[in-house]
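Below you will find one chain, with nothing else, as structure tokens; this is the form predicted on its own, and questions on how it binds or moves follow later.
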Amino acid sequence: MDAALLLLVDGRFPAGGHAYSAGVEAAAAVGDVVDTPTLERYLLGRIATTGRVDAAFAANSCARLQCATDADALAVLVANLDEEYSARTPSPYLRHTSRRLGRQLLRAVTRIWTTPAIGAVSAVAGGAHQPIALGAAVAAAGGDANDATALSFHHLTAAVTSAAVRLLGLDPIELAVVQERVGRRCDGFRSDATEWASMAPADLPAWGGSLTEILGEHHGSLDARMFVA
């Protein structure tokens, strides 16, 4: 992996991930996640549903934004991706959070790379969704759809495990083992990256999870919270 892509993997990169628990905070609040085994169960559920959707959109965005250079074509493509991802996120609170994370990622990315695709994604009203912003960032860094898929899954597993340490005081070494074990499952899904990259946005996966959306709305109603979602 190139040094530029390693920057996007680094937890110190200012992309807003430290403020995102990927739903763990809400799951802990309702008693669904209480220890390491329940956290692993939760994480496996996320990567098989919304995690794959995010990875597919990151892969597709990376591949298509690398190929398009015309400003009008880029604007249409980004608008289509934005519309399709919004349709796969029923929770208004989670749509808002996704855009917030996308804005935070692009704020850092635009200081490093300047490409027509980054400009088009940055111009989305309200902010681009995080997976689309990530795909654009990977493309700008010289990566491909497979890289975007791997990074998307890495960001999800890292967000879940690091949030569990802060929220529940779980053993970080045990959670590193969980992240490695779940990461092997993610590697199996990465075989779909080439197919995802070639799809029209409307044909991308829509493997949602009702509990994810419900917990997202519940999280937005919490009086006190550590994470934005």
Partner chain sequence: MSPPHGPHGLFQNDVRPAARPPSVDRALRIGVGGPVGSGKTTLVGSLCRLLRDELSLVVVTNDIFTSEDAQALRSAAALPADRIVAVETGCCPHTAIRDDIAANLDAVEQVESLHHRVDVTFVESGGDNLTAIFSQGLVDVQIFVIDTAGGDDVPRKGGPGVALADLLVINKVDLAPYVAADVDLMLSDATARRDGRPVMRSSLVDPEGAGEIADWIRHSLEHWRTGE
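Residue numbers count along the first chain shown, from 1. Values in this document were obtained by computation on a predicted structure and should not be read as measured data.
From this point on, the text means the form predicted together with its partner chain, which you will not see here.
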Item to check | Partner proximity in the predicted bound form: residue 228 to its partner chain, non-hydrogen atom cutoff 4.5 Å | outcome: yes
Item to check | Contact of residue 190 with its partner chain in the predicted bound form (heavy atom, 4.5 Å) | outcome: no
Checklist entry - Quick one: does residue 218 come within 4.5 Å of its partner chain in the predicted bound form, counting heavy atoms only? => result no
Next on the checklist: Test of understanding: in the predicted bound form, would residue 17 fall inside 4.5 Å of its partner chain by heavy atoms?
Outcome noted: yes
Checklist entry - Quick one: of 89, 104, 157, 115, which gets a non-hydrogen atom within 4.5 angstroms of its partner chain in the predicted bound form? => result 104
Checklist entry - Check 6, 52 and 184: does every one of them have a heavy atom within 4.5 Å of its partner chain in the predicted bound form? => result no
